[in-house]
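Listed next as structure tokens is one chain, alone, in the form predicted alone.
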């Protein structure tokens, strides 16, 4: 590697003697070290200069290394992290690995152990650096979202166009396609990334509580309101509020949402004076909001307010090109969490995955790979796949009859239920959806 391309390493530790030891070690390895004895200075250095690797302690006063690892994962996902600690805990190791750390060293470590860990990270970094820059159309990831197919490239492009505004965004797509990840990418790609990101699943909060949770309440507003409590709108002030499953909101909540968007203010339950809030609202729906408008269960004026910018996430069956990329990502992610070598997944298995309809979308694929990593070592074979994945496609349609996606989904759900002995909990897990969603789909099937 030429001097002009010498990797720079940011060293973060509150112990100055350890910082000095690490700095000398980096110089010995021919690297360019920068040092910080707290997380705030580290973030300042990250913001103002290229950093190829971060080495951080975990136990530091005020702000911990775990919080730094989380910040790096959200704002600098391309920068690998090597964690060092003198107080090893299994739960800490698992936690920082989930947050994005790629190596974990326990103090005291030898110079050789440090050198080997740094080289492992930088060799992987160097492999990526030696590759020619990918064209925009070929990006395989974007703020944690994976996919190089054309539908995903369009998703990336729309997210980038929302960078410096607070326009409302409606993310649509089937269950399990990754709508919250898109919301997070919009927030952390924006000029307001340092402000709060608050995610709310409207489908998981009972109707009678959702209004209070969103807008807050004052003491005595209802039975049990023993103190004032701010809502999610106030908590997200200055940042982004993500409302998942917005179609579950009641008529009363819809009316107050419309007011909040139009007037940029909210009124707590039991209060008379509104509060000003500056929130970017991102909503998501896996149900058909236009159909709900026709049925009179969703406000048309709210829909158009929410849908200023629309991002539609394609189902996994329409982005088959991305399946090997996703499988590889989940394989390495879960293997690292469990301290195992990644599984070897032959081409035949990937072909089976590509031909499967994935009604639970990316979430179903993630659950399957996670299960395989837990149960298997070495090479995955066809016997390791669930029975319903190995069943032949249904043949009850005439040779030249076109079948709708809804019919394919219906047949597949019934097939999985049959394979699991009508056990809805196991069937929902295989499909990558929750029991509530499965019940709704079964209700729709009659």
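Residue numbers count along the first chain shown, from 1. For the two forms, the rigid core is made up of the largest set of C-alpha atoms that agree within 1.5 Å on superposition. Note that the structure is predicted; figures quoted are calculated from it, not measured.
Here the subject shifts to the form predicted together with a small molecule, a form of this protein not shown in this document.
> Tell me, which of 144, 314, 270, 196 has a heavy atom within 4.5 angstroms of the small molecule in the predicted bound form?
It is 144 that has a heavy atom within 4.5 Å of the partner.
> Of 363, 336, 376, 229, which residue is found within 4.5 angstroms of the small molecule in the predicted bound form when only non-hydrogen atoms are counted?
That would be 363.
> The small molecule isn't shown here, but in the predicted bound form, which of 273-281, 338-346, 77-85, 175-183 has heavy atoms within 4.5 Å of it?
Result of the contact check: 175-183.
> Does the small molecule get within 4.5 angstroms of any non-hydrogen atom of residue 23 in the predicted bound form?
Outside the cut-off, so no.
> Consider residue 298 of the chain shown here, and say whether it contacts the small molecule in the predicted bound form, taking contact as heavy atoms within 4.5 Å.
No, residue 298 stays farther than 4.5 Å from the small molecule in the predicted bound form.
> Even though the small molecule is not shown here, does residue 330 get within 4.5 Å of it in the predicted bound form, heavy atoms only?
Yes.
> Can you work out whether residue 326 and the small molecule are in contact in the predicted bound form, taking contact to mean some heavy atom pair no more than 4.5 Å apart?
Result yes; residue 326 sits at the interface with the small molecule in the predicted bound form.
> Rigid core superposed, CA of residue 384 - does it shift 2 Å or more between the shown form and the other one?
Result for residue 384: no, shift under 2 Å.
> Answer with closer or farther for the CA-CA spacing of residue 315 and residue 430 in the predicted bound form compared to the shown form; it moves by 3 Å or more.
Result: closer.
> Based on a C-alpha change of 3 angstroms or more, tell me if residue 420 and residue 368 lie closer or farther in the predicted bound form than in the shown form.
Pair moves closer in the predicted bound form.
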